[in-house]
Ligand code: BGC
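Just the one chain here, the form predicted on its own, laid out as structure tokens.
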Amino acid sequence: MRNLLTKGVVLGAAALLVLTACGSERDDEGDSGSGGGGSTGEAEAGFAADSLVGVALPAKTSENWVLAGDLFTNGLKEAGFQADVQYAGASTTVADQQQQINAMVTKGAKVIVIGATDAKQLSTQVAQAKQSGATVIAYDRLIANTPDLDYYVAFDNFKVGELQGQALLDGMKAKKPNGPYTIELFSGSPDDNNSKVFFDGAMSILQPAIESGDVVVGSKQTDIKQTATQGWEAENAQSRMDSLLNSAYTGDKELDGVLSPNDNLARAILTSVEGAGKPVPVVTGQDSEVESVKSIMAGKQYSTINKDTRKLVAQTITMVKSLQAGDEPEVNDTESYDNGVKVIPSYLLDPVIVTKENAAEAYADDPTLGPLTK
């Protein structure tokens, strides 16, 4: 169903060049910073090693976004680039990010890395960046409905969902060997393209169990529009969980598990359950946030996903270095991520499911999280 796309450099046919003593009519040989190989067939040159690289990130709604900003700032500077790292405002409105990307274009950024606030409202800015000669890399969140996006670098987000769905089933079975199991479903913010990818991955695992009757959604709210959590805000998840408990879990009816798309929402869901005096269900998560790792080790939150931000930023900077040198950045997937206009050449990293059982191994080289698992 998907077309195999590669981002190639179109080379002109080789021709025998007859050079005359008059330099005014000679073909451009692409030396001395000309920026291209002209008719010699040489690969197009990159850009100056100290060029500006823009990084537009969403609001600081999770520990990973805060860490990413610091890593980009330091890593790009260490690589010799000028770094312009910006966060969208606390309101998470896309207008901030649109203005920031426009400013990066105006400043002459050669590469613009975008962690999208709203995946569907940046096509104009991406087009302007492309027209200016910049390369645009979507970071973590795919940007939708634009032919001008060049690359995507992320953890495999569909696999993240699959791991969450399987962890929910495994955790409930370990706690209660025989079903059926009653669950509730939560998804992320509807303006984040990843939310649907996570949810679809999880439902690819859970739907067969729901159809067989082994798993029951107590509230019957299974559509992503019903399960969405606007802005990824914890208070929105807690409020919805409060409502679900009051409407669908009165009396002795038990809740066995909750699909939570990230750690911040997982903790809010657990707060709601504990406040209602209900037994703690199996709750999934993502992002390996400190408080959630502590919760996992304490036997509350069941699982999280380790998506090492250090590796993701490092891979993005590696792509920037390749572009600077005039090379094609390495990609490892040219089939999976269709933004509605084209399939985006992608570099995908593997996420890792983490439970109490494998936490020490998963975070062995993490100076912050490793000590929490001792």
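Owing to the predicted nature of the structure, the values given are computational and were not obtained by experimental measurement. Quick note: we count residues from 1 along the sequence shown, nothing fancier.
Below, we turn to the form predicted in complex with the ligand, even though it does not appear here.
- The candidate stretches are 266 to 274, 97 to 105, 216 to 224, 281 to 289, and the one lying within 4.5 Å of the ligand in the predicted bound form by heavy atoms is 281 to 289.
- Using a 4.5 angstroms threshold between heavy atoms, Y302 stays clear of the ligand in the predicted bound form.
- Not displayed here, the ligand is kept clear of F199 by more than 4.5 Å at the level of heavy atoms in the predicted bound form.
- Using a 4.5 angstroms threshold between heavy atoms, K307 counts as touching the ligand in the predicted bound form.
- Although the partner is absent here, Y87 is not a contact residue: none of its heavy atoms lies within 4.5 angstroms of the ligand in the predicted bound form.
- The contact residue chosen from S51, N339, S346, T61 relative to the ligand in the predicted bound form is T61, the criterion being a non-hydrogen atom within 4.5 angstroms.
- Residues of 136 to 156 that come within 4.5 Å of the ligand in the predicted bound form, judged by any heavy atom, are D140, R141 in sequence order.
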